[in-house]
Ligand SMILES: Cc1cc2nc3c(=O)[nH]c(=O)nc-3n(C[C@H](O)[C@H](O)[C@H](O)COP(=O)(O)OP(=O)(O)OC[C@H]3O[C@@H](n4cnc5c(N)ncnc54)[C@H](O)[C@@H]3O)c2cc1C
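This document starts with one chain, in the form predicted alone, laid out as structure tokens.
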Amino acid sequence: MRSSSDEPAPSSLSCDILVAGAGAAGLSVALGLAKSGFSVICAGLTQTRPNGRTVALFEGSLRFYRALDLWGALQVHSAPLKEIRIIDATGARLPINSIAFASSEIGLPAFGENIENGVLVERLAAIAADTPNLALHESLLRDVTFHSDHVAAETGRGLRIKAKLIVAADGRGSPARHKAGIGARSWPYPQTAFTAFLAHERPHRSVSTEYHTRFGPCTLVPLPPQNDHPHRSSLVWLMNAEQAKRRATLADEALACEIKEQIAHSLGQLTLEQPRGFFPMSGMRVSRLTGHRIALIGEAAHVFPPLAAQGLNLSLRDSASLIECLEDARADGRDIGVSEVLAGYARARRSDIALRTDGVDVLNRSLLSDLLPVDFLRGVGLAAFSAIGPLRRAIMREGVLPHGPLPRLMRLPSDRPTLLRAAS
């Protein structure tokens, strides 16, 4: 579906699947669908400008990218996460011991890999531009209309697109979801996330560290070396709006001093790389994941704060499950856009999305509360997690690979009898 740049652009195109959104989730599902043999158009704006944000890709996500032969182009830009530490810095009246756990405890060389969000999108877009069956259009959708046998859309540049199905990966405000009449409920948190890349004196040793504060976690995640900086990490620091407003005005040196104080000078001297970002926190859930000729993935389907690095990992499980659902429908000769087919995708994703959304919400609110019973329960939970081996390993596995049947693209190669089905 790639067209030569010296040919006049067509005013209308047809495809099997239109993907709305060209962020990491949209590009990933578009690549997976195209490699599965569907004709795909991906319409959206690829935002590759650095903003201090990274993505920790856990084992299931790495399997997804490896199955699609994408990980080789991404791995050189990532850093492994071999250990995770949680340090209580809430000042709780009941002491809560710090805990650490290693990927080797569950038989993995690393829990996952951390990569800059802008780099991930840039590399995926470059691969997509050279992938058969896939056309990228750098334009937002202006209108979407649903018909009995197809969906029709028009981009801001006047391109008309006809497809059997639209996959909404166009973010929490999703115009495609709105056009389909799918409701969403959102709620704010009294927090703002400060994100930045840090160069520091001491090595991170592939350890991700979470300092739990009364305003939310302050998390350091390893990054690969760059230029003259052998030791680098990404920072996600949740704080209240007043703190964020004040810190946004600080010079880099003064802000670096506050970061060092928060992380107990654990990395030695540090400097901030540019740019840095401040993002208000919110949550969102939708009334349903599918409708007639539409399926929602990523932040068009679920939003929660960046705790436990679940966001894109959940989105990629959406993608893998949807690809499997559509492959199976095609193999059975069924219309991939009808509600009855897409209901299988919704059933497969419902419990996983609910578990992550509710779990992150409970954990986040428990940190914000200074009530003694809440601190007690949180302390007991962390103590049990640290001391009870089977529980500890079960929770670690659930964090990187959810229990229950995995979609084909997230299984080990030996467990994938039919990985990708070409169009018949």
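Numbering starts at 1 and follows the sequence shown. No experiment lies behind these values; they were computed from the predicted model shown.
Another form exists, predicted in complex with the ligand; not displayed. Remarks below refer to it.
Exactly one of the stretches 262 to 270, 95 to 103, 245 to 253, 168 to 176 approaches the ligand in the model of the complex with heavy atoms within 4.5 Å, and it is 168 to 176. Annotated contacts: 22, 54 and 195 all touch the ligand in the model of the complex [non-hydrogen atom within 4.5 angstroms]. In the model of the complex, the ligand stays beyond 4.5 Å of every heavy atom belonging to residue 125. At the 4.5 Å threshold, heavy atoms of residue 299 reach the ligand in the model of the complex. In the model of the complex, the ligand lies within 4.5 Å of some heavy atom of residue 140. Proximity of residue 281 to the ligand in the model of the complex: non-hydrogen atoms within 4.5 Å are present. A heavy atom within 4.5 Å of the ligand in the model of the complex is found for exactly one of 191, 310, 78, 209: 310. 236 is the sole member of 134, 323, 151, 236 with a non-hydrogen atom within 4.5 Å of the ligand in the model of the complex. Annotation for 31 to 47: interface residues with the ligand in the model of the complex are 43, 44, 45 [heavy atom within 4.5 Å].
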